[in-house]
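Shown below, as C-alpha cells, is a lone chain in the form predicted alone; questions about how it binds or moves come after it.
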Amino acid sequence: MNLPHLPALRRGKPYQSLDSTEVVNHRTGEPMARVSQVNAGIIRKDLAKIADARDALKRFTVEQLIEISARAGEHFLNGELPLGDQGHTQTPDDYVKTLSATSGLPHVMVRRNMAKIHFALTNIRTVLNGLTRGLPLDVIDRGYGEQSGAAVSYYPTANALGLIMPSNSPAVNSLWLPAIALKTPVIIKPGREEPWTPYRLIQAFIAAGAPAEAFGFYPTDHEGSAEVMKLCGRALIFGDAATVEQYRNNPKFSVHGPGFSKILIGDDEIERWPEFIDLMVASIAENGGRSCVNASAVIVPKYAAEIADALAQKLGPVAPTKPDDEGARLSGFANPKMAEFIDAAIEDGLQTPGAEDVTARYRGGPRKVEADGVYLRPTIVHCESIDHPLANKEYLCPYASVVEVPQSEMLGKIGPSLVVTAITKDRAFTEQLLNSALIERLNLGPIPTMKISWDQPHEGNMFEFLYKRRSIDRA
C-alpha cells in the first residue's frame, strides 16, 4: 500500500526523518499515512535561524498578507492540495473522510469546522480590525504611525509563534491564522491524530503566495514540544487543566484548556426557562461537545430538576450514527482509553450523593457504546449543590451539570469561565456580570455559548500577544 508520507517542514522545506509514526483509522486500525518525527535537536537548530523566516514575511505588507490569507481560505475549502512529499494530493472530500477516520468527527462536523476556518481566513481584515481596535495596518508595516491623532509604535514580542496543537477539533487552528497577516512565522507541533488540518492550511497558504519558510511543521515528542515552547518567543498551548496550569501565569504562553463555559439564567427570566431549552441543547452538544465554548454547566436560581429533565429528554436518545450521516451529532474517540477514562470519571462522581445522571432515564443503555468506533452518549447531571464534584466539570463529549444557585451567589460560585451566556434583563445583575473578572466572553441575552464573533477575541488577543506598544516621539 502506497501510504502518503507527511514530512516535517523545516522552514517550509520537506524533511523525511528516519523515525516515523503511522496515523491510523480509529475505526478499523488501517494506516492512513506515515508521519516523520523529528527530535528536539533539529528544532533547536532550525529555531536558531528563525529570524530568516520573519524576514520573509516582512517583505510583504499587511494588506498583501490579508489578500494571501483570503486566497488561502479558498484553497483550504475548495482546492486540491499537496499531501506529503511523494506526489499525493488531497481534495476537500479526501480531507473530510481522512480527518473523520482518524479523529472520530463525523463528516458533517468536519465540514462545519472547515467552514469556520474558511470564514476566519477570508475575513482576516475584520479579525485584525477587532484585535487591533482599528489600528491603521500600515503602523505594523512601518513600526510607527498615528491612531486617533496620537503617535503610536508597536514592536514584535517574538520571532515566531509556537503551537502545541490538540487533536480534538480542527477549528482550533483558526486561533493562529492571524499570525501570518501579523508577519509572525508559525512553528507547529501537530496533534498525533490530527496532522491533516495544519498541514493542509500550510499548503493552502503556500499555494496562495505566502513564503514557505514562514511555516514549520514538526511532529515530535514531549522533549521536542518543550523546545518549541522554550525557543519561540510566544506559544499557544492546548491541553487539560493539569497540563496548562503550569504555564498559565507566564506571559510567553497563551493557554487554552477547559473553558468551563456556562449558561446563567437570572431571577427575572427563570419562569421562561422552557423557551431556552433548545439554546441550552445547542450550547451543550454542538460540535459533539468537544469545544471549549460548549456549555458544561447551567446555573439557575430554581427549576434545576425540571430543566435537567427537559435537557435529558432532548439529548438522552442521541446515539452514534454512521460517519457520513448528515444528522450525526456525536464524535467517536480516536483513543478509546480516553472514552473509558471519562466514563469512569463520571461514574465515580455519581457515587458522591447529591447528583443524578438524568439522561439515564432516556438513554436506554450505557453511556459508553461501541458502534463503528467508541462513543460517549450525552450526559446531563442534576447536582443538588455547585460544590458537588460533577457540578463544574468539562469533558470531551456532550456533558453538562444543572444546578440551583441563588442569583446573588452566582458570581461568587461559578469560577473562571471562558464564555458565559447570561439570560437576564436585570440591570444590577448585568452590571455585576460586566464587572466580573471571571468571565472572558459575555453573551447578554439568549445567545448560544458556541456563537463566536470574529471581530472580538473570545480567548486571548493575538495582536496583543504578538505585539507590544512602545512610547515614541519623533522630531
Partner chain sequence: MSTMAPLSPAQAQTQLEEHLHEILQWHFSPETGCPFWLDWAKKNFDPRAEVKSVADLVKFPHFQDEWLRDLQPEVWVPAEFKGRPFNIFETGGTTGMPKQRIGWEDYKTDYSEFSEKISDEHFPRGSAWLMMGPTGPRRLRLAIEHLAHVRGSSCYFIDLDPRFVKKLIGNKQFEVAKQYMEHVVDQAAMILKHRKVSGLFTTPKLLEALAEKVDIYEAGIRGVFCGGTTMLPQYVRFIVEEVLEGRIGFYPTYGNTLMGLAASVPLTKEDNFSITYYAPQPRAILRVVDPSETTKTVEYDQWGRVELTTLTKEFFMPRFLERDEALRRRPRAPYAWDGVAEVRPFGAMEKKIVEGVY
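From a predicted model like this one, the values you see are computed outputs, not experimental measurements. Positions refer to the first chain, counted from 1.
Another form, the form predicted in complex with its partner chain, is not on view; read the next lines as being about it.
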The listed residue (K252, K230, K322, R272) that reaches within 4.5 Å of its partner chain in the predicted bound form by any heavy atom is K230
None of D267, D240, E223, D138 but one has a heavy atom within 4.5 Å of its partner chain in the predicted bound form; the exception is E223
Testing 41-49, 426-434, 25-33, 66-74 against its partner chain in the predicted bound form with a 4.5 Å heavy atom criterion leaves exactly one stretch, namely 41-49
- Message: Considering non-hydrogen atoms and a 4.5 Å limit, does its partner chain approach Q16 in the predicted bound form?
- Response: yes
Task: Contact of R10 with its partner chain in the predicted bound form (heavy atom, 4.5 Å) - done: yes
